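The form predicted on its own is given below as one chain in structure tokens.
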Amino acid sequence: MKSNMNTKIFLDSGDPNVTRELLDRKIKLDGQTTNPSLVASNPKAKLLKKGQKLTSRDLINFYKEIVQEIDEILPGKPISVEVYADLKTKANEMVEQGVNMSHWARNVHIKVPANLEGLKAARELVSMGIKVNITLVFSLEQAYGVALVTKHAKRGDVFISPFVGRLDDKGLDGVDLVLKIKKLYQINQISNVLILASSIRNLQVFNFFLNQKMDLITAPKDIIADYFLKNQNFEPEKNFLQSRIALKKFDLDHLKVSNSLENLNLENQFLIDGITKFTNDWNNLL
């Protein structure tokens, strides 16, 4: 089985040195995704905190420097930059951050969470011509909401990031969700939103999405390096492949397709936990 290398591969990292390392190893990258947790884990962030207190402005400036350095390494390629959003952050606050962050590099996608306020922010940002990446997606309702608020955006300006590994960690099927989102968009003739398979934990899932012709995949350094340097002929186990291609009966009856964002069930515990983790990791540096 040959992989579909038209799928674009992004590095999931907040460290430009990791980006350089992969390029030095002759591995092609099509872009990069970042988030508050990845920025907080950057070695320089930990050094910055030693012996001093960081302000919010310090951290934002540090994040900006990281993004601009990545942009120098991957000139003009998509870089996803995430706003700071806790469970109380309103859409207008995310929009204000997003407008500022959109100028950090040449091809920025502003990441907002897939809750009600985040989707309202995405709608406003898209109306201003700003590219978005709607993250922490764990349900079909959220995926439909993404399409609803970005229906006037052109193809390539909107990414949706379903988190595969976060679901798998809890014994659920993250791959199944991504395939169902793909099917949902096909049924509703939604072609402008690109699916960015995220939170990839292993090479098997990474390679599966390549073979399923996913629009985009983001993964950490080790998985990307393993694929390109060791396992380009790697094939998923037959049972793994069959169990995911043979989707359960695809039933949209429970999904109340609506033209009103407020009528969609967007909240779930995975979303809440994801927002909480990102904000905690960021705030721990302050």
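Counting begins at 1, following the sequence as shown. Model, not experiment: these values are computed from the prediction.
What follows is about the form predicted together with a small molecule, which we do not show.
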**OP:** Report the residue, out of R166, K180, K77, K131, that has at least one non-hydrogen atom within 4.5 angstroms of the small molecule in the predicted complex.
**Re:** R166
Original post:
Does any heavy atom of S199 come within 4.5 Å of a heavy atom of the small molecule in the predicted complex?
Top reply: yes
**OP:** Would you please decide whether D12 lies within 4.5 angstroms of the small molecule in the predicted complex, comparing each non-hydrogen atom pair?
**Re:** yes
**OP:** Using a 4.5 Å heavy atom cut-off, indicate which stretch of 60-68, 27-35, 222-230, 40-48 touches the small molecule in the predicted complex.
**Re:** 27-35
